[in-house]
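Each of two forms of one protein chain follows alone as structure tokens, named structure 1 and structure 2.
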Structure 1
């Protein structure tokens, strides 16, 4: 089973992807994790990607596509859930072509639909766990609020150290990311619509304003 997951920053896409991955034994491939691996390793591609990420801009295709496709090929036999790519119409077309050339079928497209203002609020209040970025922690939502230990907030799931990404507190950077996502001409929404219109994969669209459990149940009910 191969799945594309779409949703604006702040929609809980990574959390839902982790749930689906655990249920079906898929490789959860996050473009952000691929970038972080290259950045941490100090590769030339990583250095170039970091400059774009820090400013909230889209990483160019000539940097992103080779890294992502190489990772997908490694998960060909097991199946994968791809999260955070494609982010543009051009990337969607390139991915579609690459999948066909490699004999990999796209089975599902999951889209988490969320109002832009709500997504922005969620981004600014979220905290990242040092042990697992998919552990949900948010200072504004009681259900996933971090817990206090020794006078500081720690991950509600594992007790790990928490941090806030610098660009999560930068409204200009958030707006840039959302400008890219909500662009239905050449941006990420154009990519979503590309796969919707093709009709090769089943599309599952869910309301991202609901709770984590409700969203998960709705997605699971439509996956086979």
Structure 2
């Protein structure tokens, strides 16, 4: 099964993606997380991408597209849930072409709708676990609130150290990322509409203002 997950930063897309990939045994491919791994590991790619990421700009396509397509190809047998890519119409077209060439089908498009102001508020409270990128932690949501240990907030799943992403605490960077997401001419909404209009994959649209459990139940009931 191959799935594209769309939703603005702050919509809970990563949390829902982790639930779906666990349930169906898929590889969870997150373009942003791949970049952060490269930055942590000090690779050439990471060095090239860092300034763009810190400021909320898109990393150029000549770096991003081959990186994501290579990762996808490795997950061909297992199936994948792709999150964070495509983020533009050009990336959607490149993905569509690559899928055709490699004989991979797109089965589902999950779209999490969320008002821009709410998404912004949510971004600032999320925290990253040092041990596992798929451990959701958010200081404003009871269901995924970090726990306190020795006077410090740690990951609610594994007790790992938590940090906030620099681009999540910078309002200009958040605004830029949302400008790109909500742009339906050439940005991410244009990519969403591209796959919706193609009509090959089943589209699952959910209301991101609901609770985590309600959203995941709704998504699960439509995936088969």
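Numbering follows the first chain given and starts at 1. Owing to the predicted nature of the structure, the values given are computational and were not obtained by experimental measurement. Take the two forms, find the largest set of C-alpha atoms that superpose within 1.5 Å, and that set is the rigid core.
Structure 1, not structure 2, is the form predicted on its own. After superposition on the rigid core, the Cα of residue 105 moves by less than 2 Å between structure 1 and structure 2. Once the rigid core is used as the reference frame, the Cα position of residue 89 differs between structure 1 and structure 2 by less than 2 Å. Once both forms are fitted on their core, the CA shift for residue 119 between structure 1 and structure 2 remains under 2 Å. After superposing on the rigid core, the C-alpha of residue 141 is displaced by 2.6 Å between structure 1 and structure 2.
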